[in-house]
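Before any questions on how it binds or moves, here is one chain, the form predicted alone, in structure tokens.
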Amino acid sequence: MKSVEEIKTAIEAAVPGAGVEFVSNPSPSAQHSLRLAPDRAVEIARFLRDDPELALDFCSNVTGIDWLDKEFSEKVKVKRTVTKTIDGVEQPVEETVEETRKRVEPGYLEAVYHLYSVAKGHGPVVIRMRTGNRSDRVELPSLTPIWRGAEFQEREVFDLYGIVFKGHPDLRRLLMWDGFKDHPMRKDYVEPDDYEYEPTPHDAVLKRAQAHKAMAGK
């Protein structure tokens, strides 16, 4: 089978302007992947399935990842005008000072697909897509029209992470009930103090409620 770099080259030749990014995996597995631009993902997926050499005809797994906002501190040099006394006279002087500034890199959600070729007996090839953020830009194209095996797995990612797969034939919750709020696999998910639909052990509910109250007071 072609290497991930070779597959990237093949995609770029078949889908001009595809915007595919090589994602290195430094772990011992060295299972590198390809990040696809969402607006070209369906076209690229179709190529991966239909290309005679690759023939990636089976999607074995779809999973989600929640990447929280990251805060970075960086030192920058800036010019400041300060007043100094020179020869007994106060006068403005421009000097360069170093200050620390904080920068926030917005988080996002990611969908990761593992592809195999049943016909050729090779794989996996790992592809991924990321959303614009974790709040109001959480849409990605569904790849279920290309690999039918992704249908339930995209529903699971939608249910647990909140990624909205546009073009999915039946996008609705799979594990949680329709009235459930939020997405349990989000890293900032807070479990409710109690559930209306069934009784829960009083001591456990009380302990959780007290913990949430303490956190809210900080």
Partner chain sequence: MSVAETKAEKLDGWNRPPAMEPEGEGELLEIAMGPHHPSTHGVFRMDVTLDGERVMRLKPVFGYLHRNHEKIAEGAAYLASMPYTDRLDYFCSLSNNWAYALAVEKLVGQQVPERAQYIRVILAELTRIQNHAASIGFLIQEMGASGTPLMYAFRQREKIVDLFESLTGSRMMCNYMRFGGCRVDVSAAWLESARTVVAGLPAFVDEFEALLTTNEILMARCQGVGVLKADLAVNASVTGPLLRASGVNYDIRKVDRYGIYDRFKFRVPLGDHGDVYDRYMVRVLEMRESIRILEQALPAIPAGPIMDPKAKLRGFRPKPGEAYGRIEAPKGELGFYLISDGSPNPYRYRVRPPSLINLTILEDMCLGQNVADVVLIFGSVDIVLGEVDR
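Being a predicted model, the structure only gives us computed values, none of them experimental. Residue numbers count along the first chain shown, from 1.
This next part talks about the form predicted together with the partner chain, which is not shown.
Undergrad: Do all of Ile11, Gly19 and Glu139 end up near the partner chain in the predicted complex, with near meaning a heavy atom within 4.5 Å?
TA: None of them does, since no heavy atom lies within 4.5 Å of the partner.
Undergrad: Any chance Arg46 has a heavy atom within 4.5 Å of the partner chain in the predicted complex?
TA: Answer yes; at least one heavy atom of Arg46 falls within 4.5 Å of the partner chain in the predicted complex.
Undergrad: Examine Asp50 and determine whether its closest non-hydrogen atom to the partner chain in the predicted complex is within 4.5 angstroms.
TA: The answer is yes: Asp50 has a heavy atom within 4.5 Å of the partner chain.
Undergrad: Within 4.5 Å, heavy atoms only: does Pro26 come near the partner chain in the predicted complex?
TA: Yes, Pro26 sits close enough to the partner chain in the predicted complex that at least one of its heavy atoms falls within 4.5 Å.
Undergrad: Under a 4.5 Å heavy atom criterion, is Pro169 part of the interface with the partner chain in the predicted complex?
TA: Looking in the predicted complex, residue contacts with the partner chain include Pro169, since a heavy atom lies within 4.5 Å.
Undergrad: Which of the residues spanning 134-169 lie within 4.5 Å of the partner chain in the predicted complex, based on heavy atoms?
TA: Thr144, Pro145, Ile146, Trp147, Arg148, Gly149, Glu151, Phe152, Gln153, Glu156, Leu160, Tyr161, Pro169 sit within 4.5 Å of the partner.
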